[in-house]
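As structure tokens, one chain now follows by itself in the form predicted on its own.
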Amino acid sequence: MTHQNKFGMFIHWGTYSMLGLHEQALNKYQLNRKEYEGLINKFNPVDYDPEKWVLLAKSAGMKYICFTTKHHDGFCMWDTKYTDYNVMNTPYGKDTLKMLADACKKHGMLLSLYYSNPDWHHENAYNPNSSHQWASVNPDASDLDAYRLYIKNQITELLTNYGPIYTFFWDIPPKIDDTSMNEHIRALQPDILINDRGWDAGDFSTPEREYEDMEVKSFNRMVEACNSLGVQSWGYRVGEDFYSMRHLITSIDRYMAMGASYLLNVGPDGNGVITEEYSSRLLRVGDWYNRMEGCLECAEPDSFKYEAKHASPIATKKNGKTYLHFCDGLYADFVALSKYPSLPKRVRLMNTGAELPFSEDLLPEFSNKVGVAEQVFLHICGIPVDELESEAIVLEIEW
């Protein structure tokens, strides 16, 4: 993904969405298991229209959708013959994954699949080596050989019945080395990319929510970052707290400028609707992303050591142009570069599409010894920072 990175939509959806609490509501709220699993008898998302989901993702500039086929509660969102605890046995009675796969194919959207290693419904799934086992149905009946066979059987269904799959997203590392699991996936779909939360290191890393090391400017392996619009939950939550546009856009710009793909999550409600409070925020992020005109995708690190006053941009290059990503915005309405290759031919502000004036100037940086300005800066000015205060700022420079 480092050189073919993309912006994608993550979707957490299951019977838990009916409760409007959390995708791990069974454990988090200590719900009665019988009542929780009884939601299978009520799940009827009559407003589910996967084509709307796909078109929403496309409007936001997204190139792929990662769908939760099975979360920790073990409920399966596809037509599986290996457990009755699946969407076909709900009042809805339709294969929601098949419907989404068809919509993705129709509109040229890549499809990825999420699959949880913990399974709180399967009687053999308890794994003492791993985490997120707290709501396992029977910790005394752990049989991980039997459970791995169950997983392989389900993976066979997922990777043979729904067309080409772009990436496979294991969740919660089992902390057991078993290369046969990913080998099985690749035997079914040789071109697939697999993350690192499964049974071996996989193809790419999956940092979640925040990234702390701000000194890093690029990654040395493929990376797919993920975050949710909602702070508290990945699944639909009534009264959710939402991240600011500033926080989300900063994160997307930083990760993708360093070469990562980025999954931004929505939680459809129990009726199958991505509600306005989610969709409107997604479209606001997408508005910024679309104005970047693809400069965040498939770019390479720019090896020149740019230095800027009061800023530390991430520099990339694509199609002969340099892109300076000021992920955290700017403190003033100009950029002053103290190290740069030459006088540019053209500077454009990607956020607005406007060309910016620039010159080589002596700015007020004085030598303490002689009291005169000694440093010449590349002075790029006229940036409407107040109008762009919720956005990462990106400059396109032709040298």
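Computed from a predicted structure; not experimentally measured. Residues carry their position along the shown sequence, with the first being 1.
Another form, the form predicted in complex with ligand GLC, is not on view; read the next lines as being about it.
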Partner contact check in the model of the complex: of 164-172, 84-92, 122-130, 322-330, the stretch with a heavy atom within 4.5 Å of ligand GLC is 164-172
Tell me whether Gln24, Arg197 and Trp234, taken together, all sit within 4.5 Å of ligand GLC in the model of the complex, counting heavy atoms only.
-> yes
Checked Tyr289, Tyr255, Phe75, Tyr114 for heavy atoms within 4.5 Å of ligand GLC in the model of the complex; positive is Tyr114
Among Glu208, Glu183, Asp145, Glu307, just one has a heavy atom within 4.5 Å of ligand GLC in the model of the complex, namely Glu208
Would you classify Trp13 as touching ligand GLC in the model of the complex, given a 4.5 Å non-hydrogen atom cut-off?
no
### Message
Using a 4.5 angstroms cut-off on non-hydrogen atoms, would Ile274 count as touching ligand GLC in the model of the complex?
### Response
no
Subject >> Leu158, heavy atom within 4.5 angstroms of ligand GLC in the model of the complex >> reply: no
Check: Is there a heavy atom of Leu100 lying 4.5 Å or less from a heavy atom of ligand GLC in the model of the complex?
Finding: no
